[in-house]
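Form predicted alone, single chain, as structure tokens, below.
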């Protein structure tokens, strides 16, 4: 047996003359395909050709996964398009060499295999993956960065599993498990992890046949079928993504329509298209947001928090859904409320979530078994973390904490899902306020990735760090926030939503307001968002924050709540709903007032965001952008409110605020934060804006 090492690769040739090529990128926790890694691959393949083994197996030398894709830091700021194209040509050359090796090659996949990592695997003749490891996920997330695959994936994925399956992976950015990857032909075998090496050897020895998609799946990309299918895909993509906001999926469909019949022209066009997309402001902002996500995750990894015991008090929409998500992520959860009738809807929603998320009935039942009703609240005595999610009332919460505290384990965290009440007020009466932390989830819990980690005056740093680690364990993004009324997201969002209701009072139809902001790039307009949050919740938060910061609660909001029109949960709010969908008539097209509506809404939002930065509610502008994008859906391609401020220009926006304050009152008076440019600068080295 012989072995040879490089900085990022190792070759071991076993007694059967099979070369085991391990990717183990130096000084990185996960494998990324950096320039150095690809440059070394040239020497590695030279060595393979010299050694002439019976076959080659490519695997990861790290336990974290196969490979996570390209080293995104090499694209910040983006190099000129010609330089990007030249770099991609080098990657293509080495992957083509791998694909042309005369001996069988097998990618052995444990854990994640994403983006450029999947393109490396596709350059091998065969692929095997662990089907019993939940961390094994395959996919092309490039579209989430405003890009499409650039290392041969647009061609090789289609050849592996047919255009429909391949385009679905690339257009959505979704990841799939090993079993589904085998069904569509992306890999050749999904086997238990203990059988991976045996499966790889069988392919090297010619004892296994490759898996191929059905003939019909492959024929849809041939000849006259390709432009027909491309037109279908183009129409579907247009429904999901405005090409001005998200050009990458549209570019991918056109790339395949024009060049999908030839490997040589497709791969050349892939490089050119990728290089151009990388220069776009949309991609630059999405890449920046990706890096901010990584910053938040890394901060949450300062402490380990594995499979904790969680007790949730309050089985309403938020509490019940928090409990269900914790169980889905592996926690043992007890859920407490005043009676069985309050618990039942929470368990019904949990069943629905698990049916959507878990295919295997046995795994689904195991998840349900981790979620236990607990009317007596006995789970609080043993929990590692207790989460309060009851009514938004300071005195009721304090009374609950006074009853809970003597029963908690010494190291247990006490967390509140309060959306607006400062922790200092909730901590009054606690003998140990250092363990109290805010864990503010957003609705719907299963899809909103942000969690505000709120620290009060007495919250211990270790408690905040453990809460952030818990959020990362739940696959959520922790944003550290200083305790103050409304915290970060609700504080910034409320003036935006209230201004929308002032516009309604001024005679602007709610559908006009909402469609204007959808054209701007918001997933929901502000009026529909208020209905979704619940108008009673909006009113409660509005009263708290206007009492603290000034302003007035629109009378129309008070009226709706008195009438019992609370939004989606009562099927009536500013809109009428049926099965969660708006049934009242809506207008379409530009209103002629888009600029006025957009400025009135966004400038209230920006003004409050700068006030939060000036008051140090969060540490920097990047955290504001992360909070608003991942907590409210603020148009990701714009990079968040602070990125929008920089791109449009602070001087122009400040002048516009003065104009609006003359016509619409003190709510538009520029905050003092506009006078300090340091507040809206982002902290990372990133795209020029």
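Please read these numbers as outputs of a predicted model, since none were measured by experiment. Positions refer to the first chain, counted from 1.
The next section is about a form of this same protein that is not shown, the form predicted in complex with a small molecule.
Asker: To test your reading of this chain, name the stretch in 353 to 361, 235 to 243, 297 to 305, 414 to 422 whose heavy atoms come within 4.5 Å of the small molecule in the predicted complex.
Answerer: Comparing against the small molecule in the predicted complex, the contact stretch is 414 to 422.
Asker: Going by heavy atom distances of 4.5 angstroms or less, which of 405, 392, 599, 71 would be at the interface with the small molecule in the predicted complex?
Answerer: Spelling it out, the residue with a heavy atom inside the cut-off is 392.
Asker: Could you check which residue among 288, 440, 476, 435 gets a heavy atom within 4.5 Å of the small molecule in the predicted complex?
Answerer: If I apply the 4.5 Å criterion carefully, the residue I get is 440.
Asker: Evaluate residue 338 for contact with the small molecule in the predicted complex, applying a 4.5 angstroms cut-off between non-hydrogen atoms, and reply yes or no.
Answerer: Residue-level check for residue 338: yes, a contact with the small molecule.
Asker: Test of understanding: in the predicted complex, would residue 318 fall inside 4.5 Å of the small molecule by heavy atoms?
Answerer: Contact with the small molecule, yes.
Asker: Is there a heavy atom of residue 313 lying 4.5 Å or less from a heavy atom of the small molecule in the predicted complex?
Answerer: Looking in the predicted complex, residue contacts with the small molecule include residue 313, since a heavy atom lies within 4.5 Å.
Asker: Is there any non-hydrogen atom of residue 342 lying within 4.5 Å of the small molecule in the predicted complex?
Answerer: Contact check for residue 342: yes, within 4.5 Å of the small molecule in the predicted complex.
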